[in-house]
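For reference, the chain that follows is the form predicted on its own, supplied as structure tokens.
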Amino acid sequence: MTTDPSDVPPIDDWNRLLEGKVAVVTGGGADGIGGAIAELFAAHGAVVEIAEIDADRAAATVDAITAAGGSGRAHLVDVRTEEGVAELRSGVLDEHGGIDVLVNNVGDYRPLVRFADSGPESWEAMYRINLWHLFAVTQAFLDPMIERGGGSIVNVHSVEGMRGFPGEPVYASMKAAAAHFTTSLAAGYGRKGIRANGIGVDLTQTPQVDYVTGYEDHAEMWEAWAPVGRLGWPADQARVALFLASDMSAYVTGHNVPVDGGTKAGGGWFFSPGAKRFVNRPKTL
């Protein structure tokens, strides 16, 4: 390590920001955020290794990557289990020996069980899908990444872990833990060449959360719902993930970026007296 300005990694090709890198993306199936990340990474030169539980979604992403001239492969595994993580690790390392980028994208608020009705079973389900795999997959690839010279970890969580979420405090707590794990990981492993950053998602159309159906006649309300005035799409998340994964963000680590159209800054959740509940896109106030 020196203090020479030439330490800043050069960006040789702004159109191929991950050229020659090996990237693992969990939950990388089609139509969602993970699929958009996998496709964009491949378009920027990465060899993408996708962990996915759904065979059809996995195949769709690999087909899209291949059709665009990129390189991608799917591993049908469940990263909520020890066996799934071990299978993913061996499959990737047997092929490449190490990785350069890890995107922990798996997460879900479902099955939604309100706190008053929740218990150990639902808490464990929330833990496994939103936090446990984050620990397990990161640990599985951390040493191989260090041995390769370092790399970037991007944890996709939720803006609900960065603000109060009245809907489900257990889910929100898991996301808050994911954000703090990201910050702490960055602090502990930066000197070993590891950068870690997070993405706090909100108001993004995915197979999990449908912001379109039922709201077709209320498009003018997006100006009230999100400061940027529109719905978010997986591509919006993927572009931030690309920045955080590449040397474009070589001096950025330990941060959790709300990719939310400004909802965290603008407030986010509102109590609707008419509906008698909290809403984040009220049709009427």
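One rule holds for the numbers: they count along the sequence shown, beginning at 1. This is a predicted model, so every value here is computed, not measured.
The protein also exists as the form predicted together with a small molecule; that form is not presented, and the subsequent description refers to it.
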| query | Since the chain is shown here on its own, which stretch among 202 to 210, 90 to 98, 117 to 125, 146 to 154 would lie within 4.5 Å of the small molecule in the model of the complex, judged by heavy atoms? | reply | 202 to 210
| request: State the residue from K192, R80, R73, H180 whose non-hydrogen atoms include one within 4.5 Å of the small molecule in the model of the complex. | output: R80
| field | Triplet F141, D236 and R239 all within 4.5 Å of the small molecule in the model of the complex via a heavy atom | value | no
| Quick one: is E39 in contact with the small molecule in the model of the complex, heavy atoms, 4.5 Å cut-off? | no
| field | 4.5 Å heavy atom contact, A172 and the small molecule in the model of the complex | value | no
| request: Considering only heavy atoms, tell me if N197 and the small molecule come within 4.5 Å of each other in the model of the complex. | output: no
| Going by a heavy atom distance of 4.5 Å, is A46 a contact of the small molecule in the model of the complex? | no
